[in-house]
Ligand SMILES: Cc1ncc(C[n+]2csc(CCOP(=O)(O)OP(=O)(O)O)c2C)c(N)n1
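Here you get one chain, nothing else, as structure tokens; it is the form predicted on its own.
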Amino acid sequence: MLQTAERGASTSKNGPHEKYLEAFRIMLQTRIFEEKLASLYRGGLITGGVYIGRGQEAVSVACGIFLQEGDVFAPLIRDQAGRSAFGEPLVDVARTYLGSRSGPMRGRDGNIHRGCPKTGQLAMISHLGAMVSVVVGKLLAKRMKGEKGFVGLTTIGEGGMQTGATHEGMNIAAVERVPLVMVATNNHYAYSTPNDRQFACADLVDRAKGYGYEGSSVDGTDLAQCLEVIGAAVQRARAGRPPQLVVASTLRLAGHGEHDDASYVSDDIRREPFAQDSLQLAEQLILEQELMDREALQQMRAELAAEVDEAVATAQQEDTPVGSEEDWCAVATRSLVDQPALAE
């Protein structure tokens, strides 16, 4: 089954999705936070790369906002909005980027490989398809334990869709009919490789039928559409339907990382409808439909900026790891090594 949403189709006479303002707030917080991270990176205060989700926030927030306790979420490098919607504390993100030993990764393992398996958020192994099979395995384990009503969602870029790991993960998910939602964001460049050098099919969503999935397309710049389409995919998976593939069209409005100037993106591409800024479009709709006025939006922005500053300030005041004093066991805490039952 192929479902395609047209721009604005999800905005009914009754207004946008009930979660619209909640999702917008998370998008705005993410934008402010990632601008702060980029500034810290340029100032030499962050070790490693910084990969921001500018332009992808609407897709990302919709991936996290419909998940529940007991669900599995495997976000990738541009999914801060989804992580926040799923409940990741902002201070833990700041701690990870700034190397605090009080953070979830204890100041090690890079800033993008963080997670919290206890709450269902898996730590990223790779953004090139590795997380698909990991989520499938987690869903099979939950089924074997007799759990009910759960779903698993992972995101991927269109570049990662071309890898063998993705094929294997998608295939076994369909064969075992696990409640998987896979959201592929086509931001039109796999690093610097354009779509026409990545795949030859007309649209990636056409692959859904071949794998035994139900497929949907969505305008990734339209928050209302993203909430409706991705929310519906999560609902179908939870109800026992086949695995779901949602393909969102958008453009990465920054380089691959803060080290990349994105000079390979042509001016023609930047003028395409999918190159619009999802945050600006959402704010415009809020004002047009009088969901909030400009003063309220300004107040929201100020409150969120204060939250971001507080999180960063907290992480900056905390100690970084001391190699000679660290417990280098392979799991999160020594108690899990000595008492493995606590990890169950």
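All residue numbers refer to positions in the sequence shown, first residue = 1. What you see is a predicted model; the values in this text were computed from it and never measured.
A second form of this protein, the form predicted together with the named molecule, is not displayed here; the remarks below concern that form.
For the options N187, S100, S216, N111, the one in contact with the named molecule in the predicted complex, meaning a heavy atom within 4.5 Å, is N187. Think of it this way: in the predicted complex, the named molecule has a heavy atom of just one of V265, L90, I77, A254 within 4.5 Å, and the residue is I77. Within 4.5 Å of any heavy atom of the named molecule in the predicted complex lies no heavy atom of R207.
Mapping the unseen interface onto this chain, L122 falls outside it, with no heavy atom inside 4.5 Å of the named molecule in the predicted complex.
When the named molecule is considered in the predicted complex, L128 lines it closely, a heavy atom lying within 4.5 Å.
Although the partner is absent here, G231 sits far enough away that none of its heavy atoms falls within 4.5 Å of the named molecule in the predicted complex. Considering the named molecule in the predicted complex, the lone stretch of 233-241, 270-278, 173-181, 157-165 in range is 157-165 [heavy atom distance within 4.5 Å].
Counting a residue when any of its non-hydrogen atoms is within 4.5 Å of the named molecule in the predicted complex, there are no hits in 261-300.
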